[in-house]
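A lone chain, given as C-alpha cells: the form predicted on its own.
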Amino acid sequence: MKLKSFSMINLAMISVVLLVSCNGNKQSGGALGTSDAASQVYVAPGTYDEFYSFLSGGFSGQLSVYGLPSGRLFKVIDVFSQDPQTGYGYSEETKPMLETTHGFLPWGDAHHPELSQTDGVPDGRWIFINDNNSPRVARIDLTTFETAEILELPNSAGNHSSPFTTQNTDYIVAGTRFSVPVPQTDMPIENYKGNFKGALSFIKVDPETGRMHIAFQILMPGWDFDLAHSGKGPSDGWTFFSSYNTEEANSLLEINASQRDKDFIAAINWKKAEEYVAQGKAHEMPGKHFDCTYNEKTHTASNELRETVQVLIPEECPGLVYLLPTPKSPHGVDVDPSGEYIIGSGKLSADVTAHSFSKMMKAIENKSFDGEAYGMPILKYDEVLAGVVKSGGLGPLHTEFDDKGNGYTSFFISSEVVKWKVGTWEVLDRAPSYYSIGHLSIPGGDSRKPWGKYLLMLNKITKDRFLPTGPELCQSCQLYDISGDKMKLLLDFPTIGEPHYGQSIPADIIMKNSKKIYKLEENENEFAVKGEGETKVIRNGNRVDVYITTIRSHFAPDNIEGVRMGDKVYFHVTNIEQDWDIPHGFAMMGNNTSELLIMPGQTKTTVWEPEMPGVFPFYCSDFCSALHQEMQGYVRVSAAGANTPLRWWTGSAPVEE
C-alpha cells in the first residue's frame, strides 16, 4: 500500500480551520435558532417528552438521561464513578461494583451508550456503556435506571470501540484502544511493532437476565481500535472495527501513525468465530477480570474473579477476519439500516467511504485480495467500494441514519453535519455545529428502524453559547429537526461531563416497564427490617450494627447511646415507604464517606467511625414531607472503655442490649 507523509504543515492547517470554525459561527447560529423553534421543543407542564436520550458523561464516568425535544435533565445514572449524592460506591452494598484487578476504582471514563436490540431494533431492556480508562463494560437495567453489572476486560488497554451490540444482543463487542503486550510482560516500548497486540472482546449476553461473560477474544496486531458496529439484516453475523496506527508506531502518533493513505476496517465473522471455539481452536489464556453484579432482591452487589479467557488467533483461523482498506485514520464505522453499506470515516480525509457488504462477500469468494497483514487478507479497495461522499468537509467522524434513506456525518474540524443520500452519495444539506462536533445521535440511528425526527449534535466546545463560568465551560448538545429536507436548529442545552455519544428511544417503549418501588416483602437484604418493631442495635466487639427504618417523618430508632470511641458503626437503613417517589436520605455528622439515598422498600448501609466523644446528629437529607426538618436523631459517643449501656429508642422507653 502507498505511503504518504503527514507533515506539521498539515497539522497547522487543521488548527487554523478549527480556530475559524470555533469563532466564526455565532452570527449564523442566532438566525438558525429563531422562527418557531421554541414551540417545537416546548413540553407543557405535566406532559412528557417524546424520547428518552441517554448521553455518556465522558470523564464524569456516568450516564445522563435527558428528554427530547425539551433537553431537560432527568437523572444521572451512577456507573463507573462514586456518587456522594446517592452513596453509590460508598455504601457497603455498592462498593463491590467498582472492584477491579487494579483494586477499588472510584472513577471511569464513560463513552458510548448502546441500547439492547431485538431484530435490530432498540427494545428498551438494557443500555450498555464502556469505561475507556480501565477496560470495563456496564449494563444498566432500564426498569430501574440503575447499574446492574460491570464486567472487566482483560488483555485490553483503553476500551474505546465498545460496547456495540449485535442485531439480537447476542453479543456486545469491545476493542482495545491501545495495544499492549498480551499477556502483559516487561518489554521495551521500542519493541512495539510485531510484539504488542490488540484484543477484540466478544461478550455474550444472556437473553433473559442480561448477565455478561467474555465468550472469546480475538488477538489482533498491535493497532489501535477506535469504534465498531455490528452488521444487520444480510450482514448480521459480522462486526466491523475501525483501526488506525496500522504503522504500529509508538511515539508522536499524530505524525507517525498518519503515514499511510489507508488504514483498515476489520470485518470479523463472529459466527465463524463461534465455530472455531466449538472446534477447540481457541487458546485458554490468563486473563484475570472481575464480574461485578447487583442483586435487586438483596439490594447488594457482589463480584467474582475470573481467571482465564478463550482467545482466537486470526492466523490460525482462516475466514475469521478480512481487512477493508479505508482512508485515513478512520474513527467511525457505521452500518446503514439495510445492512448493506459499511461507512468508514477517515479523520484525515475530506470524504466519507462507503463499502458494500455484498461486494465484500463477492470479493472474499473470488479471493480478490491485495496482500495480507498478519495472515489476514486485505480486500482490494475498488472491489469492495460502493461509493464516496464527496463532502468538502474536514475531519469526518461518525454517521447515523434517518428513516428516509439518508446518512448524516459529523465533521469535527469544519464543525458541521453533512446530510447525504445513501446509494447515490449525493450531499443534500449541511448544518453548522457550535462548536467542534464529535458524535451525533438520531433516535434509532444505528439500528434497522430509525425514528428520524431529530438529530442531536454532541459538541466539544461551547465557547460563547452560554453564560461564562470561568475557564471551565460546560459542553453541549444541539437539537436539530430533520423531518424536512433541510436541517433546522431547535435548541442548545448544556450537558453533564463530556458526552461522547448518545442513544435515544421513544419514551413509551421504556415507560411501561419502569419500576416505581421495591416491594418491601421482596427485600432479601440480610440487614433489612420490614417494620419499626424489628429495629435493633447489636454490638459484636468493636462493631455496632444499627438496624434503622425511615418513614415520613422519623427514624426508628432516633436516639442511640452506648457507642464508644474505636467502634465501627454500621447503619443499615431500610426505607419502609411503599409510595412512589418517596426516597429518604441518611446523613451522619462527621461521616467521611457520603450520605445515603434510599428508595422505597430499599436497604443501604454506611459505616461511621466516630472521631471524638459527644452527641452527634443524623438526619434525612432528602426533603420528604412538611415535617422533614423534624426527621432527625442523635448518637451518643462515649470514651473507649466506658460502661455506658447500649440502648436505643423512638418516643418510648429505651431498649437495652
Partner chain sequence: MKKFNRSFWFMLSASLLLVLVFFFPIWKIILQAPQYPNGIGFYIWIDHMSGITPNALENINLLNHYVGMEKIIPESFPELTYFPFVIGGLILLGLIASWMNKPKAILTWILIVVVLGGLGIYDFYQWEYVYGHNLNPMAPISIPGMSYQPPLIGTKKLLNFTAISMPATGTIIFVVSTVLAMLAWFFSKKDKKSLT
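Numbering follows the first chain given and starts at 1. Only a predicted model underlies this, so the values are computations on that prediction, with no experimental measurement involved.
Not on display, but discussed next: the form predicted in complex with the partner chain.
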item	value
Segment assignment from 374-382, 325-333, 544-552, 223-231: heavy atom within 4.5 Å of the partner chain in the predicted complex	544-552
Proximity of S625 to the partner chain in the predicted complex, heavy atoms at 4.5 Å	yes
In the predicted complex, I517 touching the partner chain (heavy atom, 4.5 Å)	yes
The partner chain contact at Q578 in the predicted complex, heavy atom, 4.5 Å	yes
